[in-house]
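Take a look at this one chain, the form predicted on its own, written out in structure tokens.
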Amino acid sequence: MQIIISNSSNEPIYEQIYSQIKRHILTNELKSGQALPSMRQLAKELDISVITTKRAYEELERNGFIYSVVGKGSFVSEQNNEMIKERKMKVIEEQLLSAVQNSKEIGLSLNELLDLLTMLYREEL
């Protein structure tokens, strides 16, 4: 599992970690039951505070992506397919909202945005 953090991002580091681990889980790169690196190990690898990794792990656990076992570590939770679909829809909505905001900033019309989206969608097929 690779996590890349950016100190120049407006997004807090714990959210960057949360988002990337969540993406790894939703794309099934991290599978149910798979162990995550310890908070200390991840903090050391990323050269950040353990408090930061702890906060990211707490958010992941709060949202049902991982679970922790005292003395054993943190593991990927079993994911319900309907729940995964709902979570992915939320991610898509957030990304589309960002795209709409960016397009408005540069004066792109709705039709131009839809054309771009259609083109990108067809390229992925």
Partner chain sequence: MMENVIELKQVHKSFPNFQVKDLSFSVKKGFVTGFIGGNGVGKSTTIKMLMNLLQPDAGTISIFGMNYNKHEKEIKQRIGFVYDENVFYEQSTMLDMRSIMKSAYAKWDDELFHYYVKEFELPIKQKIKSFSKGMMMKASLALALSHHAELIIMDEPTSGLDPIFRRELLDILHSFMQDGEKTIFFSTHITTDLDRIADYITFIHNGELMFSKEYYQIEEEYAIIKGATELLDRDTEKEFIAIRRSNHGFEALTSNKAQASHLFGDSVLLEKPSLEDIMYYTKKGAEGGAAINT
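Here the structure is a predicted model, which means the values were calculated and not measured. Numbering follows the first chain given and starts at 1.
The discussion below concerns the form predicted in complex with its partner chain, not included here.
- Although the partner is absent from the chain shown here, none of H24, L30 and L36 has a heavy atom within 4.5 Å of its partner chain in the predicted bound form.
- With the partner left out here, its partner chain still marks one of 63 to 71, 96 to 104, 45 to 53, 82 to 90 in the predicted bound form; by a 4.5 Å heavy atom cut-off that stretch is 45 to 53.
- Taking the partner from the other structure, its partner chain in the predicted bound form has no heavy atom within 4.5 Å of any heavy atom of S109.
- Although the partner is absent here, N7 is a contact residue: one of its heavy atoms lies within 4.5 angstroms of its partner chain in the predicted bound form.
- Under a 4.5 angstroms non-hydrogen atom cutoff, its partner chain in the predicted bound form lacks Y18 among its neighbouring residues.
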